[in-house]
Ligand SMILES: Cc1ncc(COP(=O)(O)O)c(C=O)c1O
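In the form predicted alone, a lone chain appears below as structure tokens.
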């Protein structure tokens, strides 16, 4: 039941349609009225529980008591800007830097992943004195005007204005349906060579590149795992050209991939700038940029960077609590174990259901690509949407992504259990069995 005990779902939807901007979408044919969260579950106004398989924001679980208590305790004491000294800010910066490899040790605090990527873009341009940016096809880096310009997911999508002149787009390194496929021993070098081609294209237009932005695993592009060695090769081309390398960890950081704390570490690289958002505050609005002292000092032009709310005492207390929970509850190892168990279950689905074209991912960041025909890889877009709706009816929340919206994305809170994984796989087995005969019509 709602805290205010008043509006029903129909009234909320009516008011939303009248007073909320129409470009803000809403999930599901029959929208859910969610009033409470706990762990890996969301609850509607009637108390029905839904297994949340897609909310990577509440990293350590919805309303984790440690995080809630840290926020409430600090809010009751003080919340102000960072013009004053406060121990939480520097303690969190110290601990965050301690999770990073190499020389990544200088932190900037913001309120979202979009702000983090916007600041990373500013740092890269200030440090290099250049404007050119190379990104990957299908990438999404945030909702500001500057980031829409470096997000093909947006500028090539509905309402987009196309690629700006200062941006070049490298092919998506997709081993399933890309130019180079799984099993090709040269796949990483070939896709990385395309980054070098875009650098050459930038120079041919009379520009130089400031930065290469790449998600450590591609989210909106369809839960794509980069080929082993891709970032190492690509970073080499970028650095040779004098650019800086930005790893966007907004969706995949903080132990989600299981084997490493940061997804870029699975590629054996150390970026020049790392951007963080979503899971850093478990739903509280905080983000961060971590970079090297070399980049930070080169970008220190005299123009101050100040963010009224970035790194405030409450945000810092929340972020510290999230780190504590990840460490003390062993959530990185848990993600590795449960993620491997779930992936095995999903791969068994692919053996029974031809509509499952590919299963991919690391830890608890997984994707299932649905296709109508294995040879042509015709996207099963309509069927993927139907799977999501039918799973919701079974009390399991999923969503789709990818260029054709035919990839079922799975990125739950890290407290997701083996029993949850089995429930998800069993539900998908039933639903795919219902959907497939229609897909062949």
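Residue numbers count along the first chain shown, from 1. Keep in mind that what you see is a predicted model, and the values were worked out from it rather than measured.
The same protein also has a form predicted in complex with the ligand, omitted here; what follows describes it.
Contact with the ligand in the model of the complex, defined as any heavy atom within 4.5 Å, is confined among 70-78, 192-200, 96-104, 248-256 to 248-256.
With respect to the ligand in the model of the complex, the three residues 113, 117 and 278 uniformly fall within 4.5 angstroms at the level of their nearest heavy atom. In the model of the complex, none of the heavy atoms of residue 230 sits within 4.5 Å of a heavy atom of the ligand.
Contact between residue 369 and the ligand in the model of the complex is not found at the 4.5 Å heavy atom cutoff. At least one heavy atom of residue 140 is located within 4.5 Å of the ligand in the model of the complex. In the model of the complex, the ligand sits within 4.5 Å of a heavy atom of residue 215.
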